[in-house]
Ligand SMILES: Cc1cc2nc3c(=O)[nH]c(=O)nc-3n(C[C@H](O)[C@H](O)[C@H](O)COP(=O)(O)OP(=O)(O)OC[C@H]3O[C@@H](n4cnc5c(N)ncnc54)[C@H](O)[C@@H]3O)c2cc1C
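Here we start with a single chain on its own, the form predicted on its own, put down as structure tokens.
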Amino acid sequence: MSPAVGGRELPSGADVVVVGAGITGAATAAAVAARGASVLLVEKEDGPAHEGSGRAQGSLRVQGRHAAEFPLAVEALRLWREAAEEADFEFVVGGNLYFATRDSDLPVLRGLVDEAHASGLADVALLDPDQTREVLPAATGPFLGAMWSPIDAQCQPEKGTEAFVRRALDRGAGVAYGVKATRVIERAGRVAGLETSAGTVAASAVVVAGGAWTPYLASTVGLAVPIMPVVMSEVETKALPPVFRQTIRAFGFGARQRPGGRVVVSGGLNAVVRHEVSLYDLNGLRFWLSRAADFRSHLRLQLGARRILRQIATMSTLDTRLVPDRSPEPRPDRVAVDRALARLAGVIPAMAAATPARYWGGLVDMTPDGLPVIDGACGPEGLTIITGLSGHGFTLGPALGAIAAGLAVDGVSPLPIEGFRLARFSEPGVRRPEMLI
């Protein structure tokens, strides 16, 4: 298949069509092409990684996850290392430190260490302050200890995503930017193709990796996917002398220092996020009302009047016409990330000299239980849905691509995904996440 990069001329058909050129979609296209199948990657934006993936912090962490994600994260980190041998996307293996700054943090970190050990991550350890300073000497401020994982890494997110797009192109994939998916075509219980703003592409398999927009496309085949879109804010500082190579997380701040010296800072664990309220929220309301109450101190709500008017005009909350051709720039919460930067400087005083250079917001696709949806059997045969990465899925992208390729080409996932079925949200006892992010 000849690539159609940046163009609107689509092939008449492909074995697999992938929707969304974030890290998951890019890795899926590369993995499908590597299997020898023809694949087309379509993206409504004018390039890859313009929404969630390109706006991630860039930490590639294995520890500190739900146990169900560990196998995916371990495999993903292996694939990131492999990709870094082919392309430069600022890949650095510096480990990860979870700081405890309050007494209540320590039991949480002990529990995470126990989960890591039970899943075979023997190198994860809980360090006291002196041991932590042996790892990160610049951490001279007050804290109670830190959870340490030496195998974790970091990269520049948009460059990492672009590397997988290039890999897909090199293997013969087609890529079409500025093309919005509008309907999954279903015939006799199986996928027959994809309808887009640039025409229809026949295909026996479609992978939907559209982030927060996935529920709209999934609804065209009758699927209800409970996603709450939220905006998470970050700041990048001007370059500083080298201070730390580790990625850092804590309640109230998260950070990594890029090889060039700039420091990327986020709100860390249970970061404050913003959600635009509209009629869309009636979808999955039984989940989100209780979650909003539980995490009200971390959730900023604002009324989405324009979205509501459009929903009324289309007489729908999930019509794909409501998906923007180009997503507007999310407004960052500068106050929240400035506060996170100040908290970081409390632990690493050298960061007090940091000067903010740019702020941004990224759209995050949240699920009610904080775990992703990874499912190749929830709709018509040949449909795979991957969404709901809940602010911690950038790491998983290469492994999710391998999973999606396996499901789309062979009907089998190479990694365990039973815990990520979409059907869990129609079953009793949906778990409540311990943290919003």
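Note that the coordinates shown come from a computational prediction; the quantities given were computed from them, not determined experimentally. In this text, residue numbers run from 1 along the sequence as written.
A second form of this protein, the form predicted in complex with this ligand, is not displayed here; the remarks below concern that form.
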Heavy atoms within 4.5 Å of this ligand in the model of the complex: which of the stretches 343-351, 211-219, 99-107, 283-291 has them? 211-219
Taking this ligand as it sits in the model of the complex, is Val42 near enough to touch it, meaning that at least one heavy atom pair lies within 4.5 angstroms? yes
With heavy atoms only and a cut-off of 4.5 Å, decide whether Leu389 touches this ligand in the model of the complex. yes
Partner contact for Gly52 in the model of the complex: this ligand, 4.5 angstroms, heavy atom: yes
Distance check, Pro398 to this ligand in the model of the complex, heavy atom within 4.5 Å: no
Have a look at Leu363, Leu77, Leu136, Leu318 for me and say which one sits with a heavy atom within 4.5 Å of this ligand in the model of the complex. Leu363
Can you pick the one in Ala181, Val263, Ala173, Met147 that has a heavy atom within 4.5 Å of this ligand in the model of the complex? Ala181
Heavy atom contacts to this ligand in the model of the complex at 4.5 Å, residues of 53-89 in sequence order: Ser53, Arg55, Ala56, Gln57, Gly58, Ser59, Arg65
